[in-house]
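Take a look at this single chain, the form predicted on its own, given in structure tokens.
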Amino acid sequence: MIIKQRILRNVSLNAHPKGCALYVKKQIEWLEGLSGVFSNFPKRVVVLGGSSGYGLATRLVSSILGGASTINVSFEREPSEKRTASAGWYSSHAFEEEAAKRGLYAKSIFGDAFSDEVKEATAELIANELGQIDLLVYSLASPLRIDPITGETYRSVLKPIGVDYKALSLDPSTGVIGEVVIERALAGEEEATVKVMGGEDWELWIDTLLAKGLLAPSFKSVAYSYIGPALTYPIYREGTIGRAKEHLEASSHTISEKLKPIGGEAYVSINKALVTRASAVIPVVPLYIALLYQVMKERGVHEGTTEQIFRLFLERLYTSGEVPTDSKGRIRVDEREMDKEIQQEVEHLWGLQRVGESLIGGDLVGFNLEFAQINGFGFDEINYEEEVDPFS
């Protein structure tokens, strides 16, 4: 079939297998161009949500630089005769092919990471093929979760708490500024979002693997999160997702206590705002990212997902001595984004935007290109008029 990108409400409905493979190869080329010794990086790694975004970047950094064996656990759509697979399915297979060329162990378990069945299957794979693991990364973003104990389904929502929220937005397809009104969370939606996006499932994963003796001495676990600027607080940090992130952060301390007998540690890493399949659908965020990209690129401090995770490993998680954290015990690799001068410039640009007019001063081209490429589109090297096997 001929595969051209189809987008609905900032969601890519399809993906290009050759483009996803090229995206992975380009990230690998950047990593292999780095100089240095990375022998202190973990050697056996499980990434929950390791098929895209920061999760995929974690597999790339730990495997290509550290030589790690990696297991990805994620929920992905397989290809069919009439429909492409999800970008994460193609990217995972592409990475595993590249890993095999380099003699590196890399496997995926596709399924519901919230379920007991997938936890047990992952534990069995670790026990049989890796023995133990040195790092577990929690990088899941999901609209729903079925509680493995009660069977109840919980759905996460992106809503403010207490009051409705009105703010500027950006239509990336046209570059026109609009306005979005998001109604306040209904009764029970805050709690449901915490059940899906909080730290409960992360803790269940640790409990399962710890009980089976699958966590190595000095084991580490890290969950990825975001804080962002005051501009996005009402919909993000002070909204339903923010409550879930607070629960995630509290869970890191609970998990660390459980890991003390094996000398283990758990952290939440606050990462930079980037274009990912998850971030692209959050209202207000595309406008903020377009403005942020413009400012950070002009100052030469912009980073993509792979660069961020490389710095997380090199300067935070696997530096000599104690892991550096903020006053709440969180790892911060968002310090360049949150630099006072950068945020002041973003706020200035935000103030220039007018509803119904084109974006002023933002990197719309960069936003759209990155969104396209994480789904396998937008590469000059690929002829998108050619027939492609969706199963390739």
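Just so you know, these numbers come straight off a predicted model, no measurement behind them. One rule holds for the numbers: they count along the sequence shown, beginning at 1.
Another form, the form predicted in complex with a small molecule, is not on view; read the next lines as being about it.
*Asks:* Exactly one of 114, 219, 267, 165 has a non-hydrogen atom within 4.5 Å of the small molecule in the model of the complex; which residue is it?
*Replies:* It is 114 that has a heavy atom within 4.5 Å of the partner.
*Asks:* Just give me the single entry in 74, 122, 84, 252 that has a non-hydrogen atom within 4.5 angstroms of the small molecule in the model of the complex.
*Replies:* Contact check passes for 74.
*Asks:* Only one of these stretches, 173 to 181, 208 to 216, 75 to 83, 252 to 260, has heavy atoms within 4.5 Å of the small molecule in the model of the complex; which one is it?
*Replies:* Only one stretch passes the 4.5 Å heavy-atom test: 75 to 83.
*Asks:* Can you work out whether residue 313 and the small molecule are in contact in the model of the complex, taking contact to mean some heavy atom pair no more than 4.5 Å apart?
*Replies:* Answer no; every heavy atom of residue 313 is more than 4.5 Å from the small molecule in the model of the complex.
*Asks:* Under a 4.5 Å heavy atom criterion, is residue 52 part of the interface with the small molecule in the model of the complex?
*Replies:* Looking in the model of the complex, residue contacts with the small molecule include residue 52, since a heavy atom lies within 4.5 Å.
*Asks:* Is residue 95 near the small molecule? Define near as a heavy atom within 4.5 Å, in the model of the complex.
*Replies:* Heavy-atom contact with the small molecule at 4.5 Å: absent for residue 95.
*Asks:* Examine residue 240 and determine whether its closest non-hydrogen atom to the small molecule in the model of the complex is within 4.5 angstroms.
*Replies:* Outside the cut-off, so no.
*Asks:* 139, 142 and 276 - do all three of these have some heavy atom no more than 4.5 Å from the small molecule in the model of the complex?
*Replies:* Every residue of the spot touches the small molecule in the model of the complex.
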